[in-house]
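Take a look at this single chain, the form predicted on its own, given in structure tokens.
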Amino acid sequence: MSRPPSSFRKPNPLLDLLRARQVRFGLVLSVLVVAFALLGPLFAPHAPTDLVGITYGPPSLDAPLGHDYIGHDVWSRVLAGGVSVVWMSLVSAVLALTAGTALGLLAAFARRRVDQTIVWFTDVFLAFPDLILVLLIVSMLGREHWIIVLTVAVAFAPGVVRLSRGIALGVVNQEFVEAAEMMGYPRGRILFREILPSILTPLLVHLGIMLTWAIGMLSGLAFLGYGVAPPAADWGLMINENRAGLLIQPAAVFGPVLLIALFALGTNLLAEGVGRVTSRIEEKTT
């Protein structure tokens, strides 16, 4: 039996995504950096806090990338320093997406005073630049990991609220939503089982974009001294600690810079590629 023409085949979004070169490249790059960060501590020759050499010591067999500003093994700290960047970026982006989507759906569906209140608070938070807002909250409440993650999520959530509300406004008046209301379905079911699936694709694309922002935000906080506290190993913190010896021991700075850049590049390419492919799929189906 002959295969049906391509124009009559049922579309497969996952297969279309994997066929896109940009999506594949971004996915592979992101997975490689995440695997390096999560598995790196298992292969570190020294504990990240061990003093095993002289200040800005040169590379050797025991320390392939040399030593940092107080004698830590740079290679060991590079291997151990990515865990915090990866999990904090992922959790803060997911929290922002979850909270922002819930509020945006509620605002679009409830309308009137609830909508006005949510939009007003969103506009107030959007008036503050993200970095300044995060620095202000972290400087007051402390540098614990959970505080930093929640603060970054709070900074990103207003953008998700505006996005989800704007898309949901075009869905809440459609016939299937009105039918669900007439049948007496609970509001939660209508929001999360009827409306949410219709707006999920752009939200997932925005999740990838927020992940890129979170990587830069958290690394910048650590560089400025408001992120992960020493002597813990963190890629952003390593850049700040060793910048004074950049000309003497460049590996202590360029190693974490390269990994942060690759992680941000991978997530950005993945999010942008997914957005382009889904736009093409929607154009073909309409």
Partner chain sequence: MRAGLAAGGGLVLGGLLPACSEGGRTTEVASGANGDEPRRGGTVRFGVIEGSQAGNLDAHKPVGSGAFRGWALYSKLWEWGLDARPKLALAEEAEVNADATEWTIRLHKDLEFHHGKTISADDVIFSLLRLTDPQLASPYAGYLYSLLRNDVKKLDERTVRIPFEKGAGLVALAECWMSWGGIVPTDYDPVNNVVGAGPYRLKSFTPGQRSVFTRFDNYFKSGQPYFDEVEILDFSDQTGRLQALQAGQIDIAPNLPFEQQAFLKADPRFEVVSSETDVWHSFDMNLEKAPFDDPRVRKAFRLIADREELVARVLQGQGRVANDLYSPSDPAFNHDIPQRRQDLAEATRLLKEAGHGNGLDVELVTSGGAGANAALVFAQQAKKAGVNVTVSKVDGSIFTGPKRNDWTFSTGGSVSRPFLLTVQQHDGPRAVGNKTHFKDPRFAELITQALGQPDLDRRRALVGEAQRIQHESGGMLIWGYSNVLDAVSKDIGGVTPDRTGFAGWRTDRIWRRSIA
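For clarity, every value in this text was computed on a predicted model and none was experimentally measured. Residue numbers count along the first chain shown, from 1.
Missing here is the form predicted in complex with its partner chain; even so, the following discussion is about that form.
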Does the 4.5 Å heavy atom contact test between residue 58 and its partner chain in the predicted bound form come out positive? no
State yes or no: in the predicted bound form, is some non-hydrogen atom of residue 247 no more than 4.5 angstroms from a non-hydrogen atom of its partner chain? yes
Looking in the predicted bound form, any heavy atom of residue 66 within 4.5 Å of its partner chain? no
Do residue 230 and its partner chain come within 4.5 Å of each other in the predicted bound form, heavy atoms counted? yes
Given the stretches 98 to 106, 82 to 90, 146 to 154, 68 to 76, which is the single one in contact with its partner chain in the predicted bound form, using a heavy atom cutoff of 4.5 Å? 68 to 76
Name the single residue among 26, 255, 40, 53 that comes within 4.5 Å of its partner chain in the predicted bound form, judging by heavy atoms. 53
At a 4.5 angstroms cut-off on non-hydrogen atoms, which residues of 189 to 223 are near its partner chain in the predicted bound form? List them in order. none
